[in-house]
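Only one chain is included here, represented as structure tokens and corresponding to the form predicted alone.
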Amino acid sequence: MRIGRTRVLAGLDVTVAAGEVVGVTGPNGSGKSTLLRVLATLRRPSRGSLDILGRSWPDVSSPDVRRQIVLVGHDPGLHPDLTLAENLELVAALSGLSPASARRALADVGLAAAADRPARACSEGMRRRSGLARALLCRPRLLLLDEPHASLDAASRPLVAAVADQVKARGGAVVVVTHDLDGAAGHLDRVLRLEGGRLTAEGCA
């Protein structure tokens, strides 16, 4: 895959099975985040094929596929002037869910007391947890996590594994980009290493 004239991913042949949690690691600029964006159907591969949830490109970018995918990235996508609850209630409304389900998801990640706080007044760690709450709310079949442990304190870090385990238990798949293999290893089934946009190693966590 190329972005402009720069080759970002090349010769990458990866399958993530239902019920599997796969870690992706590698140095900065190795293509990890770009891989997540391709899997989220936000970037189109310039070559090769892409099959997600039983659909092939370009059908993978259809709304019925995209609503089954959740990407939790560095930016949780919160409107700064809305409260955490209002942000998640908007997601709930778009997904045909009740406002109460948004508050339950926030409570599940320890944010019940902060639900009525504007997002701009929340710490980075709280905003990160709100991204995990969105994943719980939407119940995706494919969950994509980009450095999910970043900015989380020690007490909150187990939330990442808990959310991944819920997706896995429903038969979904999880891809976790991380530099913190020690912190993530307990809930990874496999680890892929990227360097220069290529898969250089693959093995058990």
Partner chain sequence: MNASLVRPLVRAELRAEFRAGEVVMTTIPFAASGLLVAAIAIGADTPLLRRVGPGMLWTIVLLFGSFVTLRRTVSGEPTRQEVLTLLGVDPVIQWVARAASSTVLLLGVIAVLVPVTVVIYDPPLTGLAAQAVAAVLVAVGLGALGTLAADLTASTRSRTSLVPLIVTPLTLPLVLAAVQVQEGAVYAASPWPWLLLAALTDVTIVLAGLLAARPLQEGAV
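Positions refer to the first chain, counted from 1. No experiment lies behind these values; they were computed from the predicted model shown.
From this point on, the text means the form predicted together with the partner chain, which you will not see here.
Residue contact with the partner chain in the model of the complex: residue 123 places no heavy atom within 4.5 Å of it. Residue 112 falls outside the set of residues with a heavy atom inside 4.5 Å of the partner chain in the model of the complex.
At the 4.5 Å threshold, heavy atoms of residue 63 reach the partner chain in the model of the complex. Heavy atoms of residue 98 never reach within 4.5 Å of the partner chain in the model of the complex, leaving it off the interface.
Against the partner chain in the model of the complex, the set 76, 83 and 93 is in full contact: each member has a heavy atom within 4.5 Å. The partner is not drawn, yet in the model of the complex one stretch among 26-34, 55-63, 148-156, 161-169 has residues with heavy atoms inside 4.5 Å of the partner chain: 55-63. For the partner-free chain shown, 40, 41, 42, 43, 44, 57 of 39-59 come within 4.5 angstroms of the partner chain in the model of the complex, judged by any non-hydrogen atom.
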